[in-house]
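As a starting point, one isolated chain is supplied in structure tokens, in the form predicted on its own.
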Amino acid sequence: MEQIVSVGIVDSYFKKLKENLTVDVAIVGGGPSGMVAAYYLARQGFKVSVYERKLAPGGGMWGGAMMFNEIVIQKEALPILDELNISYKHYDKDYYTLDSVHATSALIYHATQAGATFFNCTSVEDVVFLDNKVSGVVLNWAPVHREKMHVDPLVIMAKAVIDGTGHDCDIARILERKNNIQLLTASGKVEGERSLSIDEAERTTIENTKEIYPGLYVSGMASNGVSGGFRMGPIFGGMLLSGKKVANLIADNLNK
């Protein structure tokens, strides 16, 4: 029994890893926008892998606000909730509340059911840069990255990469810092996130969701961080709509 358990896990994991060394889309960060993007891309038949450095995907959605596990969604995002059979309640005007644990677990379930593959406890420490285009990600274990151990990574090749790393915009910063390139922003650099302004942030989260360099897209809070937008707090409609928008942008480009 002991051997069956161990060998079964090792065989299954390495089969999964080997099958995903080349993908259509690599999503860095398993927050709400990344999971929505994974769902819509995988549903269209694209090969999608999500890389999340923490034990559980979900980003800041699990904790609601100050660990009050409720979040707010505006009506524009309700079609996504309805499609994924996520429960919500009307609160006031065009705003709705929902249980953050229910919503986050539903996003994980539907993304994986659609065919996306998740690799948790992994960090992306660099990108593959070929012919002036982002062509993949450089992958290591999250504890290796956290402890600054000198362990060489593996390479995942991808036709498109999404920076869904949230406030830190890790992938955009790495690309800019290491390659002396200009991003599709006002200054050509990562502008940095501004302070909280909910209405403005919800609007610009979607507007700033785009391809910022050939092969590299941004979604969710990373889109505002890269383009100098505001943060929004525990309202998640813009995050979900950003994930759907970036999926559509990538699907359109890959289908050309």
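In this text the structure is predicted, and so the values were computed from the model without any measurement. Numbers follow the displayed sequence, beginning with 1.
There is also a form predicted together with a small molecule; it is not shown, and the following applies to it.
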* Any chance all of G136, I162 and K210 sit within 4.5 Å of the small molecule in the model of the complex, going by non-hydrogen atoms? -> no
* Among 168 to 176, 72 to 80, 86 to 94, 128 to 136, which stretch has residues with heavy atoms no more than 4.5 Å from the small molecule in the model of the complex? -> 168 to 176
* Asked: Looking in the model of the complex, any heavy atom of T104 within 4.5 Å of the small molecule?
  -> no
* Asked: Does any heavy atom of G215 come within 4.5 Å of a heavy atom of the small molecule in the model of the complex?
  -> no
* With heavy atoms only and a cut-off of 4.5 Å, decide whether V124 touches the small molecule in the model of the complex. => yes
* Asked: With a 4.5 Å heavy atom cut-off, would you call A26 a contact of the small molecule in the model of the complex?
  -> no
